[in-house]
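The form predicted on its own is given below as one chain in structure tokens.
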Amino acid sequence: MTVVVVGGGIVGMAAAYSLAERGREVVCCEKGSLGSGSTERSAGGIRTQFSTRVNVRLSLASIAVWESFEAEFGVDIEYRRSGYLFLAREEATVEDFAANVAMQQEEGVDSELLTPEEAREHCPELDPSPFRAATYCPTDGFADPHLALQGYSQAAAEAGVEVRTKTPVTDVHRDGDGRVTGVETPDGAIDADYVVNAAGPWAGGLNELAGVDLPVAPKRRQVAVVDPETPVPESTPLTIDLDTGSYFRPEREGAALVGGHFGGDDPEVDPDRFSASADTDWTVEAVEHAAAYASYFGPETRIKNGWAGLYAVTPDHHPIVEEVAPGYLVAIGFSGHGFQHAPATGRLVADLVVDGETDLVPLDALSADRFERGETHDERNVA
């Protein structure tokens, strides 16, 4: 059985590796270089503090891989576990936090509900006065997406995956019954029993070639790197002011990443034509938001650089992982969580191709028809 995986980012390489480990012949087609899409622009977060069980379970299954990654793949991904700290200003968010922590703890997550004053124990420069509650999990953290992709790509090659970079897919072939049978590339056709769309923000173009219409839209998100007035210790958690969308996390040597989406227009963008640099006005606003609740970011904070990347967003901020047409499987729409959920997604894809089912998570929560059924479960812990 031959499988073509379209997309050479972390999700595509995890899927390719998992399929090859299950004995399938795999060809991975990437239009640019490996990781040149969303993976190279990821902030690298890895957390269990989600608001839905399916996302928590995807996290737990993935973290089991991230924890043993160096031993299994031979690459140190600089996995740092300084925790995530979520902050709530609105009473409705406080109620959500209480429900989220109860659900997370049922799933085995070591999260806890805190008062704003207790949150300062983890983030000493936090101003607790704007907030009503917080949640914290000490085992959340972040890793280097480039190193993780390196580990997966090396392991995939060793497992027999044929990786073709600079190889865009220009058409999707189907037989008379409508089953997908392969793809067309500038180098010729590739016959396949399955085609897997792991193209991230570019997924819509491949879906169109396959005659599939799914609600996934590329949305631009930005990150800035700053030297704060007061250096941010590496032990500081990734801190999210959820009601404003602002967040920051430590970098090396006292620097910090600041980011967030602060409302207003959020248009769909062309993934081949968007500015990959952070906007000056947005960067100033992001630092001002962080300064409003954390005194690290005083007036002497210096902006170093920044970048913009794309989230592939669905209406409920959950991915679609499903065989949506005969021979055509999608693993798309992660809404900013693709890096951290890549290991679980790789297993899901392999399970669906090889077995036609999985016991990892309930598949109805990730199916495309959930939108028509009205059975979505919106992920609210999104920054």
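Residues carry their position along the shown sequence, with the first being 1. As the structure is a prediction and not an experimental result, all values here were calculated from the model.
Beyond the structure shown, there is the form predicted together with a small molecule, which is absent from this document and is the topic of what follows.
In summary, among the residues 54, 324, 43, 60, the only one with a non-hydrogen atom within 4.5 Å of the small molecule in the model of the complex is 43. When the small molecule is considered in the model of the complex, only one residue from 194, 311, 136, 293 comes within 4.5 Å through any heavy atom, namely 311.
Looking at 294-302, 68-76, 195-203, 107-115, the stretch with residues near the small molecule in the model of the complex, meaning non-hydrogen atoms within 4.5 angstroms, turns out to be 195-203.
At the 4.5 Å threshold, heavy atoms of residue 10 reach the small molecule in the model of the complex. Mapping the unseen interface onto this chain, residue 346 falls outside it, with no heavy atom inside 4.5 Å of the small molecule in the model of the complex. Remark: residue 39 counts among the residues lining the small molecule in the model of the complex, judged by a heavy atom distance of 4.5 Å or less.
In the model of the complex, residue 319 stays away from the small molecule, with no heavy atom inside 4.5 Å.
Taken together, the three residues 123, 233 and 306 lack any non-hydrogen atom within 4.5 angstroms of the small molecule in the model of the complex.
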